[in-house]
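Before any questions on binding or motion, here is one chain by itself as structure tokens, the form predicted on its own.
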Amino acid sequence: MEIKTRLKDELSSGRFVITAEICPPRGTDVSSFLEKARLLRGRIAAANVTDNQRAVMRLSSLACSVLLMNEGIDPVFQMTCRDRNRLAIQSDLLGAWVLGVKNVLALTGDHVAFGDHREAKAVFDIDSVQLVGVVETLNSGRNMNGTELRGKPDFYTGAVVAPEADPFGPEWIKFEKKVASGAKFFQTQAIYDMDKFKEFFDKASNTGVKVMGGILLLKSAKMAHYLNNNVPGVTVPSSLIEELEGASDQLEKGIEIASRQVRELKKFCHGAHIMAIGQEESVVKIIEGA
């Protein structure tokens, strides 16, 4: 099976890169997942496969990554620290490589208290900074215990940063630690203040990493208010909320806003990471509008 490396190749080429998230199903019926993937094939450099996003149980990110490869799409295998200890993390990473997965995105993961299995025990054996280091340690040919591997991976390692976190100081320290641990590319959390993000981008790109700005599709004004009230590090400006409230079709307005944001990113950024959360078919419209 041919192993795709499109994400790394395109980011290295200097072209503006677009990635998007595809959420796995809550069961074994993958027909809708594949349908959404096929809509995006050829339009994006890679597709992120979320890992039990929002701590809601879904089909495994690894299985869905392999399905995407079979469709000719370069997957970004998201891995969180929430559900696995260091043994399982290393084992799953090596398994991903053997199956042909080349891109990994290291995340902390939403706490189980926010999900659909609140009685589950959160693991968090290591954090997201350490997880980046684990991937790079495996890439060097050793495991976390220093034991030499019989065959090593060569993952393109990514991480996440929240440029609009308030206060931003601790977030920048964490960003620098992820860079030092070996992260090569970053996909940001949702951004809305482009001037503030450009300041972050200019500073971050000096470290040599690639940065893709996170574009979250606002499906409605209600969703925007929810983000402002419940999601740390995300602030939807009142001007955008007013745009949504004044629209006859709020989803279409949200698509228009997202397209506009991607166009703004094209002026200075390495790429855009589009998060549509179950509305993946709208990603096509966002890309066309941009």
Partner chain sequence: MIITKKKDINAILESLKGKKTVFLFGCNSCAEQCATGGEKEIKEMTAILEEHGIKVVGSSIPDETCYRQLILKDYRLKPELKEAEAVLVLACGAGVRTVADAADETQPVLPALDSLFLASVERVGRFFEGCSLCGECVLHITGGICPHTECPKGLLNGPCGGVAHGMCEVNIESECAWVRIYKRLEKQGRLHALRNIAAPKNHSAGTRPRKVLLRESGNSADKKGRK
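This is a predicted model, so every value here is computed, not measured. Residue numbers count along the first chain shown, from 1.
Keep in mind that the form predicted together with its partner chain is not shown, yet the notes after this line are about it.
In summary, among the residues N139, N143, Q189, S220, the only one with a non-hydrogen atom within 4.5 Å of its partner chain in the model of the complex is Q189. Of the heavy atoms in K174, some are within 4.5 Å of its partner chain in the model of the complex. For R86, a non-hydrogen atom is located within 4.5 Å of its partner chain in the model of the complex, even though that partner is not displayed. The closest non-hydrogen atom of P167 lies within 4.5 Å of its partner chain in the model of the complex.
Using a 4.5 Å cutoff between non-hydrogen atoms, D127 counts as a contact of its partner chain in the model of the complex. The candidate spot formed by D110, F114 and A180 lies fully in contact with its partner chain in the model of the complex, as each residue has a heavy atom within 4.5 Å of it. Annotated contact segment (heavy atom within 4.5 Å of its partner chain in the model of the complex): 181-189, selected among 151-159, 69-77, 98-106, 181-189.
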